[in-house]
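Only one chain is shown below, in structure tokens, and it's the form predicted alone.
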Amino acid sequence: MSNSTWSQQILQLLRRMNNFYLPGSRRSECLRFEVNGAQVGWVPPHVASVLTRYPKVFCPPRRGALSLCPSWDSNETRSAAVDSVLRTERQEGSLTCLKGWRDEKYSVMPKFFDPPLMWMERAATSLFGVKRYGVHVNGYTIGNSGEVSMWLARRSLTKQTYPGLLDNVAAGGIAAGVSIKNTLVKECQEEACIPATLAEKACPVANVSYTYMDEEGVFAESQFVFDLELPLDFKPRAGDGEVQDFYLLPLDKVKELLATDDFKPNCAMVVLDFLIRHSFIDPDTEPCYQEFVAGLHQTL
């Protein structure tokens, strides 16, 4: 693959993962989702038409916004009211993303460190376009001659999303009430059998954020990125069944794979960020360097 073809493939990836803000997107058709007067997401039109069937939970759309009824005035009551609606719609089957129900709670708030206004089932977050946060770990090694290689995971074929695609050595969403660090340690242990004493050496290095829209809803995501240098004699092992295999690959091969359909898209972005930060992509020779950097760090 030529350098120019590789660059264009990466640009296509970044545009797809930020399509919510591109010309021609359906953003203008979405309603702001507001809780207690604060915007916390975006509701696509097909979802709004379903939610307005529940007037005791959601107020009629007004001035471009869909909000919870003010009678739900606490984290607990808001969460319970919305959860009841979602469980009903899950039985109805009209909102396809609810088929992937996980029984995992995500906090809903304007910004990460704001007090949560409510929690929501993970599978439903795209229906409301609420911000989702996660942890991604770049596991890498440095050989005796200084060569850098990266551990990649191959997702299980039974995964609900992106089965069989390449992934970071460990990654996962941040559930309600769980810290970034605890999520990091948990995912490293569960997915790659990386012991806590080793996982805790991971360094926080970046935040990769993007917003895209597809037929299931709006995905406004922010990933806390960590780099973890792994010992040369350490080999990750599949722990919880979410990974079928691990590969240790030279960075040239990893870079080549980024421009294929073999990578889970947001994980490709995290690896791209690694290549930029560690100077494996040079601004003197990569004409799309600035577009790459901008595409990795969009405001949610």
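Residue numbers here begin at 1 and follow the sequence given. This is a predicted model, so every value here is computed, not measured.
The discussion below concerns the form predicted together with a further copy of the same chain, not included here.
Peer 1: Hey, in the predicted bound form, does residue 74 get a heavy atom within 4.5 angstroms of a further copy of the same chain?
Peer 2: No - in the predicted bound form, heavy atoms of residue 74 and a further copy of the same chain never come within 4.5 Å of each other.
Peer 1: With a 4.5 Å heavy atom cut-off, would you call residue 2 a contact of a further copy of the same chain in the predicted bound form?
Peer 2: Contact with a further copy of the same chain, no.
Peer 1: Please tell me whether any heavy atom belonging to residue 140 falls inside 4.5 Å of a heavy atom of a further copy of the same chain, as the geometry stands in the predicted bound form.
Peer 2: Contact check for residue 140: no, nothing within 4.5 Å of a further copy of the same chain in the predicted bound form.
Peer 1: Does a further copy of the same chain come within 4.5 Å of any heavy atom of residue 112 in the predicted bound form?
Peer 2: Flag for residue 112 set to yes.
Peer 1: If we take heavy atoms and a 4.5 Å cut-off, which stretch out of 205 to 213, 97 to 105, 75 to 83, 192 to 200 is in contact with a further copy of the same chain in the predicted bound form?
Peer 2: One stretch meets the cut-off, namely 205 to 213.
Peer 1: With a further copy of the same chain left out of view, which of 186, 90, 122, 131 would have a heavy atom within 4.5 Å of it in the predicted bound form?
Peer 2: In short, 131.
Peer 1: Any chance 28, 162 and 242 all have a heavy atom within 4.5 Å of a further copy of the same chain in the predicted bound form?
Peer 2: Heavy-atom distance to a further copy of the same chain in the predicted bound form: none of the three under 4.5 Å.
Peer 1: Can you tell me which bits of 172 to 200 touch a further copy of the same chain in the predicted bound form, meaning any heavy atom within 4.5 Å?
Peer 2: Stretch hits, in order: 179, 180, 181.
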